[in-house]
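Single chain ahead, by itself, as structure tokens, in the form predicted alone.
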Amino acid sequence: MPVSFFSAYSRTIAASAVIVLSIWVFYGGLSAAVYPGLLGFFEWSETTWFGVIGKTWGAAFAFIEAIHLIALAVLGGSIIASDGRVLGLVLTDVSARTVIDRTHTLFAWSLAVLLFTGVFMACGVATKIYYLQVFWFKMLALGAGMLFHYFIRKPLYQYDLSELNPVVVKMTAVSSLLVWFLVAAAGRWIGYSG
């Protein structure tokens, strides 16, 4: 019995272990020397052309930030639509499979745009965000969100949802909503910090 449990939930266990390990590292489980080793990289990223453009041209930074926020809205909308459909709250006249498949494409594209624009914005203020603890929290939340989406949620939603345990499916949808809300809230928190 234990062998079948671990083999059936190997992705979930692996993703959970990575999340727990990341939280442990973030809150000082390893020595504080983890972050000082990255300071040189952050200082270098401000000298790249992304960093120079972000620091010198405020309009370019604002334009990229607007694209970042639009991509975040699309990503959030795709999560709300697909998980809301799984929970039976929205789009109930459309099959869950159709909503999940179509919103995943939106999710993937918006995540790519978010990552690209996020790197651009981070390069412009790299040494500032290096010292913000909330930045590291957001990166941890973003990593957890991507791991959860691609290693737990997506593999689970590939099955016929009517054949799965409804409690597991609904808890996955709620967890997905909470993880991505945490990513968005941490990103907004960076704007209010420092």
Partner chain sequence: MSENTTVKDDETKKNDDQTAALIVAQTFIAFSAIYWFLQIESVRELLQLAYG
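Residue numbers count along the first chain shown, from 1. For clarity, a rigid core is taken as the largest C-alpha set superposing within 1.5 Å between two forms. Every value quoted in this text rests on a predicted model; they were computed, and no experiment measured them.
Omitted here: the form predicted in complex with its partner chain. The next part is about that form.
Shown without its partner, this chain lists Leu156, Leu69, Leu132, Met139 as candidates; in the model of the complex, only Leu156 has a non-hydrogen atom within 4.5 angstroms of its partner chain. When its partner chain is considered in the model of the complex, Ile152 lines it closely, a heavy atom lying within 4.5 Å. Under a 4.5 angstroms non-hydrogen atom cutoff, its partner chain in the model of the complex lacks Val52 among its neighbouring residues. In the model of the complex, its partner chain lies farther than 4.5 Å from every heavy atom of Ala60. Remark: Ala144 counts among the residues lining its partner chain in the model of the complex, judged by a heavy atom distance of 4.5 Å or less. Contact with its partner chain in the model of the complex, defined as any heavy atom within 4.5 Å, is confined among 159-167, 39-47, 60-68, 124-132 to 159-167.
Contact residues in stretch 147-184 (any heavy atom within 4.5 Å of its partner chain, taken in the model of the complex) are Phe148, Ile152, Pro155, Leu156, Tyr159, Glu163, Leu164, Asn165, Val168, Met171, Thr172, Val174, Ser175, Leu178, Val179, Phe181, Leu182. Once the rigid core is used as the reference frame, the Cα position of Ala15 differs between this form and the one not shown by 2 Å or more.
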